[in-house]
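One chain follows as structure tokens, the form predicted on its own.
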């Protein structure tokens, strides 16, 4: 994935430009290159080559200077990045440091970013679930946001397309609220997780515990072997970068595949300033880039542009793409660009213990993380005083316990011979937040970053619906835990700030009407037909599922449409 020396307008002209090399950008690049388009992929961060640039991937704990912990100084200097569970000594090199890329917090917001080739696909949590029509129909049914212009049938074949190539493990659970996919074998639940599954099935109608679905090669197919990937080794060191390609990332999968076509040019160290718009032609003509290192300004040109810079940065680029035709930002006649941002509410956690099944211990490691509880509130009808609902993770494990009460030889003996303690069970909530106009981002009118791009001002917060939803999760999960015989049940507010879920969505939402949305059903700007948005910025609502699989499917679908339209009319109408 080498760069090329570009020194003329002809050499700076491509068939397509993709902004961003993360999960959705990688898919856009793969699909465009496979279809024969000479494609430029712009990445603001440094190059990261699969295997070669994973410096910590095979290190043992004792090889880390601080035993994989952060120093006090690092935590003090990076309170935002350090709030992410994966920001530790083994993976901190993949995260944006707080002082290097500032933004303005009008309300507390943790913006977790990965500026390198592959983006956050290197350290994502890899949970992958399809949406259903309960999600796509939600805004219209429940009276918030605007109606999605697509339904499950529109995206289902593209989910399959992505799943088969990326490799998604899971069971065919037969749930209307969580459609089955084209799965590799699931990672099984352990004894206590399965005990909870059986209890919930027996005592509740419409509630399910399933094996979590994740982007790991439990049993690779030929497609994955052809990519140079092999079976997941269950190391649970994924945030370091996987030398086996056991989980899906742009670096191990889509970008190398695009490169093999000979049609992809990858340019790292490229901060996108704005989209170039030709008012006479009524279309975008290219992208203005600031070289990360030299600060040189360079323009690149293409008849079709895919923006996959991650939700907030995609909004920023469009807001900064100002012309006489679009003084408020590209495609923003209705003034909605940057508004109706939503995310996932992860603030609730519940823990407990279980004294049964002590003949078992946790056997091996599960990269899927254990169980998943699909949304069960307000699915078929409105049954609570809050809108929408929540999904949840669920896991169980046994920890070693060392008796440190003794002294001398007895203490040494106890330390050398730990005993297994009781089963510890835990669950975390992933609640759907309701997009609202007050949750917005905009450009700062005074402050700019080191590359001359305005800083982003973020004004996003929880609301009463989020608090009611969290309380219901506490009540329902506590009852379910009690029915399973769990004890010492404790609920926790983990005080996560918005953004720490790393699932920010919206601002360039899809919809039917250009007066109330920015994108049509093909992820195409209503008012600039050759620009497509297929990352989290396009989302009209958030659902309760982890969103990355949906972004990837939307990207592949949009590329298919864009290429067909280019052949028909050049994306002019």
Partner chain sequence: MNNIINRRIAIQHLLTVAGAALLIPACYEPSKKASIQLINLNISGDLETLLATLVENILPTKNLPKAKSFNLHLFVLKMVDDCHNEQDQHDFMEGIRSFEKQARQHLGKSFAKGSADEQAAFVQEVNAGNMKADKLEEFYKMVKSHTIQGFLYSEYVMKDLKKYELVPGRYNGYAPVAS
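Positions refer to the first chain, counted from 1. Rigid core here is just the name for the largest C-alpha set that superposes within 1.5 Å across the two forms. Keep in mind that this is a model prediction, so the values were computed, not measured.
The same protein also has a form predicted together with the partner chain, omitted here; what follows describes it.
Peer 1: With the cut-off set at 4.5 Å between non-hydrogen atoms, does residue 260 touch the partner chain in the predicted bound form?
Peer 2: Output for residue 260 is no: heavy atoms all beyond 4.5 Å of the partner chain.
Peer 1: Is residue 364 close enough to touch the partner chain in the predicted bound form, meaning at least one heavy atom pair within 4.5 Å?
Peer 2: Yes - in the predicted bound form, heavy atoms of residue 364 and the partner chain come within 4.5 Å of each other.
Peer 1: Can you work out whether residue 516 and the partner chain are in contact in the predicted bound form, taking contact to mean some heavy atom pair no more than 4.5 Å apart?
Peer 2: Residue-level check for residue 516: no, no contact with the partner chain.
Peer 1: Under a 4.5 Å heavy atom criterion, is residue 380 part of the interface with the partner chain in the predicted bound form?
Peer 2: No - in the predicted bound form, heavy atoms of residue 380 and the partner chain never come within 4.5 Å of each other.
Peer 1: Given the stretches 245-253, 380-388, 190-198, 453-461, which is the single one in contact with the partner chain in the predicted bound form, using a heavy atom cutoff of 4.5 Å?
Peer 2: One stretch meets the cut-off, namely 190-198.
Peer 1: Looking at 237, 82, 104, 125, which is the one with a non-hydrogen atom within 4.5 Å of the partner chain in the predicted bound form?
Peer 2: Checking each option against the partner chain in the predicted bound form, the one that comes within 4.5 Å is 237.
Peer 1: Can you pick out, from 203, 490, 468, 402, the residue that has a heavy atom within 4.5 Å of the partner chain in the predicted bound form?
Peer 2: Contact check passes for 402.
Peer 1: Suppose contact means any heavy atom within 4.5 Å; which members of 324-360 contact the partner chain in the predicted bound form?
Peer 2: Read in sequence order, the residues that approach the partner chain (within 4.5 Å, in the predicted bound form) are 358, 359, 360.
Peer 1: After superposition on the rigid core, does the Cα atom of residue 404 shift by at least 2 Å between this form and the one not shown?
Peer 2: Comparing the forms between this form and the one not shown, which are aligned on their rigid core, residue 404 does shift its C-alpha by 2 Å or more.
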